[in-house]
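In the block that follows, a single chain appears as structure tokens, in the form predicted on its own.
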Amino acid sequence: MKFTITREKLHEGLGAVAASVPTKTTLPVLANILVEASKDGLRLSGTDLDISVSTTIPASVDQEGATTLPARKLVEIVKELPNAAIRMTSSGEQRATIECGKSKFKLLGLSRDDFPAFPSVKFEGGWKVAAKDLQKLIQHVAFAASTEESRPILNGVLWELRADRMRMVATNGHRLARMDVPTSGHGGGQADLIIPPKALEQIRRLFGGDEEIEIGKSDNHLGFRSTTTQIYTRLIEGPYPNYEQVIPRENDKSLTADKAALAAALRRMSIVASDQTHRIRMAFTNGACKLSVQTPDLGEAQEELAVAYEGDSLEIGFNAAYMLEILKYMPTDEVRMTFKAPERAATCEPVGWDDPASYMTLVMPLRLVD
């Protein structure tokens, strides 16, 4: 194997693939990146067996070949090299020489035969979606997935593909995010897929907004590909909970507020809130929202915020951390929240969003203890 490549391109390609390489593994080859030089350029691949990423970057290839090299060390070397052409050669499969200016490194790798094959996914008859639509869904929904191991199904994001729309839903049982994006003619029929957020983050990060992504599916894997990049992920199996059941239809009280002002007030109150529950009290009356916190072993805080409120007065408790997270992903400067009762779910939606997508979040209240 023998090729020449710009430091910038190699650094970019390694950055795309390195995130899929596990930091700890019992299988040594998984700590390596597969480097393949061919007439199409340089292909870099990494995998942790759940998520696999591959990208092709332009390179001047004198001799085709492949090897695997330690990911962390390769990234560190390229990061520190001067901004000049890099020449990489490999005579055997397990040793590569990297030269750049007056710097020269020799790295020991492992045979490419030890590197696991990527999942076999059928792209023919699959789906085609605009990367920008998929990125919008991921950005606004994936944060709400659970990180606890007790209910593995909630560790994934539900992706519903229909003839005229795509929907993503994520929840941890305490908060929920749901977004619909209208689509047309993406083929592949309808499907409900549960995808790990870590894979979605790679998709959001690695595909350009103007690209079209092809999506293929096997029994338990999903593949995403553009002209230069491929991502494969294991699907989470099982039925996703019926999220429609928890979305309130009868909330008769509503609050419209400036997002930044509400978030700032919540941040201030959360300083004195319990580290365990993050509970804050919100009391709504006409034209005002009173926020307060009382933590027995720490102290208390109050603040009043001018808002537009419609409905009977209400006192309700929330986890400030969940509220702040929801506000962080709201795409508008104003938000609208709806309520029914102190023990019923509240919704939060953007106000004045001139986008064809629809977005709704939900947060469960906390019991107020006097």
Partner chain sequence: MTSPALRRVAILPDAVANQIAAGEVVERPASAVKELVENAIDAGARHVRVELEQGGKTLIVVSDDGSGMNRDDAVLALDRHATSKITSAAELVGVRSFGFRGEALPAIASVSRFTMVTAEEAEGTEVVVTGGRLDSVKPAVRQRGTTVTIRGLFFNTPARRKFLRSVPSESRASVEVVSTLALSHPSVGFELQVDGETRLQVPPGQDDPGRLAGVWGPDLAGTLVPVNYASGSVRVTGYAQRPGDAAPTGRRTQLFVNGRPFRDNFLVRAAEAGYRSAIHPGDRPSLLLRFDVDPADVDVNVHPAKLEVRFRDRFTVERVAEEAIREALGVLEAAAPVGDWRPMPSAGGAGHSVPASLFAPLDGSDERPEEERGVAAPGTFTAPVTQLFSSYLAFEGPEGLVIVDQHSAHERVLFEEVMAQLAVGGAASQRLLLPETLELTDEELDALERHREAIEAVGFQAEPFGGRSVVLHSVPAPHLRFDAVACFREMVADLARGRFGGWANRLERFAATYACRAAVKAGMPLGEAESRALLFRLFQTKLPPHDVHGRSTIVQLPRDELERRFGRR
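Just so we're clear, the structure is a prediction, and the values are computed from it rather than from any experiment. Positions refer to the first chain, counted from 1.
Omitted from view is the form predicted together with the partner chain, to which the following refers.
The three residues Ser45, Val181 and Ile213 each lack any heavy atom within 4.5 Å of the partner chain in the model of the complex. For the options Glu76, Asp114, Glu160, Glu201, the one in contact with the partner chain in the model of the complex, meaning a heavy atom within 4.5 Å, is Glu201.
With the partner omitted from this view, the residue of Arg267, Arg95, Lys128, Arg72 that lies near the partner chain in the model of the complex is Arg267 [heavy atom within 4.5 Å].
Residue heavy atoms within 4.5 Å of the partner chain in the model of the complex occur in exactly one stretch of 136-144, 187-195, 218-226, 106-114, and that stretch is 136-144.
Taking the partner from the other structure, the partner chain in the model of the complex has no heavy atom within 4.5 Å of any heavy atom of Asn286. When contacts are judged by a 4.5 Å heavy atom cut-off, Ala85 does not count as touching the partner chain in the model of the complex.
In the model of the complex, the partner chain sits within 4.5 Å of a heavy atom belonging to Leu366. In the model of the complex, the partner chain stays beyond 4.5 Å of every heavy atom belonging to Thr233.
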